[in-house]
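Next up: just one chain, as structure tokens, the form predicted alone.
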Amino acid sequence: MTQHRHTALRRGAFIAIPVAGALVLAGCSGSGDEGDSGSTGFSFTYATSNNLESPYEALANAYMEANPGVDIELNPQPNDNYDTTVRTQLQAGNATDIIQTVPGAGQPRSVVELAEAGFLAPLGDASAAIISEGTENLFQVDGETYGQPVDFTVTGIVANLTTAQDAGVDEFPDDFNAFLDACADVAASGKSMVALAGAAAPNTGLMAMSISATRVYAETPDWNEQRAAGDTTFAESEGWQDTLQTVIDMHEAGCFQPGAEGGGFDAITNGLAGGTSIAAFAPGGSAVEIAQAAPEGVQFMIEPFPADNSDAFILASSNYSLSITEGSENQEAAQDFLDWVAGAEGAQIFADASGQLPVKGYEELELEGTVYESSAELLTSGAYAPLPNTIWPNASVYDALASGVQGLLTGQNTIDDVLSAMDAAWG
């Protein structure tokens, strides 16, 4: 029923969708069959962090090959300023037909926030059909679907195991104190334990959320619901205090590369692919992109961030989606494409190109021998929570966290400053 490729550990997790999952997906596909589309074309904006082929580009190229009459105008944007660029285009009325979005309301590109602002068009039945049960509120508003999930992403630490062994780290630490000790040893060897894009708010925010998996959500999986009910706050949460203290402890222990505060996303790609850093906070699919730039034989693994007085725990959920803009004049053509992406062929192409798990059927995959091997047991046992900011009520909470962590690195903020700002942003 399932299969994986033996080169997956070296070049990333190229996951094959199990037959049952493929049949579910195929049942959702409406149009976009080879040579059978009456669509003329559309434009497509998505975020990219490097010069490698994006999984969204791979989808577009495959769709155009299968439908010779369709022309897709690609508009990739650097991840660092994607949110600002897309919001500006939406407000000016000149956004592309399809844009990459994220579930929920916690980021500027979030489905719910953009839909409630009137920037997105309702999607078709095929888009709604692949939303996992219980997560409808992350993609829908008032019963209408505005975002189509494309993945199931495991978020933690992407680790270059080859560089780790070269630096004397035989096994990736599963205890935080051991992790800090390894930071010092790795720094002494002229490398860094973590490559951080400190100048890129999406990366500092992701780091804090990844750490919160064991500090907050392992013990209190419903913490977001408690915060929404007013039963707790960020400022009074020991878990969130510990999360930010962990960032400070890592900085003081020399876990990050020199000049990490000013680093961009290239620091991650160059550090992990070039062998100067062991790990980075990144979505699991990044292992595939980085592996493409790494020398032959380099091994990558997606590791949970080391626990501190708790069991291992990770973040995992549908973290990426596609939406059609309300001002699009090519909504039918755009929906044809999304129907195809929801089907078995499109889903397989995205999983292969992104290295992320498929939005449907991931539970049945055999992950031994892939970059997800270290996380497989956690996924099976349910020791994971969704990315926190998909549940948060607005993008300002995540902005306060991301910029606040940047301030922790430069010494301009305290832990209390950051958590108070997050509470104020919650509203």
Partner chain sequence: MTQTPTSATRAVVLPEPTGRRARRPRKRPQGMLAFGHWWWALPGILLVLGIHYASTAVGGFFAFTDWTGLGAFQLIGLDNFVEIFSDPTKIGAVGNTLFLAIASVIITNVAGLGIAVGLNRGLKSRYVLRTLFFMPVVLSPLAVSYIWKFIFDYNGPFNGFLGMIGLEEAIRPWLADPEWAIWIVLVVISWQNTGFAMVIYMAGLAAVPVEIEEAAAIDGANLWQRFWHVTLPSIRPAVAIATTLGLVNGLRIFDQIMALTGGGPAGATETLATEVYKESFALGNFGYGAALALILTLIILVFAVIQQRLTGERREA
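Positions refer to the first chain, counted from 1. Only the largest set of C-alpha atoms that superpose within 1.5 Å between the two forms is called the rigid core. Here the structure is a predicted model, which is why all the values come from computation and not from measurement.
The following text describes the form predicted in complex with the partner chain, which does not appear among the structures shown.
Stretch from 339 to 347, 134 to 142, 304 to 312, 85 to 93 whose residues place a heavy atom within 4.5 Å of the partner chain in the model of the complex = Of the options, only 85 to 93 has residues within 4.5 Å of the partner.
Within 4.5 Å of the partner chain in the model of the complex: all of E53, G156 and Q292, by heavy atom?
-> Not a single residue of the candidate spot has a heavy atom within 4.5 Å of the partner chain in the model of the complex.
Tell me, which of I391, A60, A395, L378 has a heavy atom within 4.5 angstroms of the partner chain in the model of the complex? So the residue touching the partner chain in the model of the complex, by this definition, is A395.
message: So the partner chain isn't shown here. In the model of the complex, which residue out of P221, G262, G168, P76 has a non-hydrogen atom within 4.5 Å of it?
response: Of P221, G262, G168, P76, the residue with a heavy atom within 4.5 Å of the partner chain in the model of the complex is G262.
task: Considering only heavy atoms, tell me if G297 and the partner chain come within 4.5 Å of each other in the model of the complex.
output: Contact with the partner chain, no.
Is A228 near the partner chain? Define near as a heavy atom within 4.5 Å, in the model of the complex.
No, A228 stays farther than 4.5 Å from the partner chain in the model of the complex.
Margin query: At 4.5 Å between heavy atoms, is N413 in contact with the partner chain in the model of the complex?
Written below: N413 belongs to the contact set for the partner chain.
Should V186 be classed as touching the partner chain in the model of the complex when contacts are defined as heavy atoms within 4.5 Å?
Answer no; every heavy atom of V186 is more than 4.5 Å from the partner chain in the model of the complex.
Members of 112 to 127 lying within 4.5 angstroms of the partner chain, judged by heavy atom, in the model of the complex = Result: E113, L114, A117, F119.
**Message:** Does T153 move appreciably between this form and the one not shown, meaning a CA displacement of 2 Å or more on the superposed rigid core?
**Reply:** No, shifts by less than 2 Å.
Post core alignment: G263 C-alpha displaced by 2 Å or more between this form and the one not shown
After core superposition, the C-alpha of G263 moves less than 2 Å between this form and the one not shown.
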